[in-house]
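Here we start with a single chain on its own, the form predicted on its own, put down as structure tokens.
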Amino acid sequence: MKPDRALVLHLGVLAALLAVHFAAPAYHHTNIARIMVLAIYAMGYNIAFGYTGLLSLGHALFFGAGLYGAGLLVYHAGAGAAEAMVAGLVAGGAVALAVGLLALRTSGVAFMIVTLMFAQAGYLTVLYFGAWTRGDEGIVILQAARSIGPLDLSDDGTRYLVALALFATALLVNLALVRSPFGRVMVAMRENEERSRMLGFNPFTVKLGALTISGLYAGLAGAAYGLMFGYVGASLASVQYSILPLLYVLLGGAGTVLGPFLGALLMFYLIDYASAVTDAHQFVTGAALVLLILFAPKGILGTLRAKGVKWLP
């Protein structure tokens, strides 16, 4: 019996990330924890865009729903971090379901614009109710409210291991999803919606399911980000946070399970190092993306798969 090479690869990545916990300097230790949370967000985006073909510019709304679903519950109701994390997960999925029921009546460019409008409406709502959300100033979640049982999320080591546990769960669920019959239907929908319809699948239902799962990932990432790093602010629900997961997925490889993590990792450090040497770091980032589109339009892992690594999920 042949070993499952894809599963071995993914477990190997998780083992490497566990080794980083013991070997990385403090600066990179914190960065990798943050990258793993952002990669969960990008994985959700990849389910909608990379596997189902839904080009959304509204995912900041789902990320923000998780962020504020958790943050407001802690700040105003004194809820614990575990309850807040679950609330953020549910909020992201529920908002994605509600947006999908309306936005999926459109397609293509219209879908992109409608989702962008929803995200902007959500962002402006956060600012409008500033007395409750604290708007641009944001909410600082105190250390005492950032514990799950004995796990203190403000502690660097604990935060890294919790981020790794969430990332590992999200990654393996993502792998199982894309290998499942529903995952194959998502890909069929992306490749040829009309043919999928002729085979008896309902495009609206499949897309709505994929978008809701994507929202659950985004909500979980938003809640985890707020609770782990102690801040909930409107800037994290702005349009920039709709663009970032798209860039992560394009760089790492749309429609690949590990692509969002690879893209988030490379983009995070590209911006970090470019910011250290020039104020024009966005120019450096843009130039890198132009080169990517010209020479590897399928992203890094997508190109590898096209060139022979066919088993890469």
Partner chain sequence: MTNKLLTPNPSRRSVLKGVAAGGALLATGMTPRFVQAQSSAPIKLGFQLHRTGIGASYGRWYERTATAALKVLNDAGGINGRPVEIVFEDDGTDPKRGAEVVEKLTSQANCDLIFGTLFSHVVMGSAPRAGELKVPYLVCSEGHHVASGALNRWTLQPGITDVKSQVQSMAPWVTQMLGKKVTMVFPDYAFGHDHRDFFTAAVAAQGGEVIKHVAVPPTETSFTRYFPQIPSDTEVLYHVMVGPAVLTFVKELGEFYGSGARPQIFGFIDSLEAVNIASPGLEFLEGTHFWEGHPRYKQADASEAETAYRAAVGVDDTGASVSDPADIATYAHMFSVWETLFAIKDAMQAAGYQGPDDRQKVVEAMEAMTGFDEGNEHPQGPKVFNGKTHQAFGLQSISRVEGGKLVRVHQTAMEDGFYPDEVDYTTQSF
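Numbering follows the first chain given and starts at 1. Quick caveat: nothing in here was measured; it's all calculated off a predicted structure.
Below, we refer to the form predicted in complex with its partner chain, which is not included among the displayed structures.
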### Listed residue that, although its partner chain is not shown, lies within 4.5 Å of it in the model of the complex (heavy atoms), from 138, 122, 183, 209
138
### Message
Please identify the residue among 169, 107, 202, 235 with any heavy atom within 4.5 Å of its partner chain in the model of the complex.
### Response
235
### Query
Tell me which of 194 to 202, 107 to 115, 225 to 233, 88 to 96 has residues with heavy atoms within 4.5 angstroms of its partner chain in the model of the complex?
225 to 233
### Touches its partner chain in the model of the complex: residue 142 (any heavy atom, 4.5 Å)
yes
### Query
Taking heavy atoms and a 4.5 Å cut-off, does residue 268 contact its partner chain in the model of the complex?
yes
### Message
Since only the chain is shown here, I'm wondering whether residue 146 would be in contact with its partner chain in the model of the complex (any heavy atom pair within 4.5 Å).
### Response
yes
### Query
Just to confirm, residue 83 within 4.5 Å of its partner chain in the model of the complex by heavy atoms?
no
### Query
Looking in the model of the complex, is its partner chain within 4.5 Å of a heavy atom from each of 8, 300 and 310?
no
### Query
In sequence order, which positions of 37 to 54 have a non-hydrogen atom within 4.5 Å of its partner chain in the model of the complex?
38
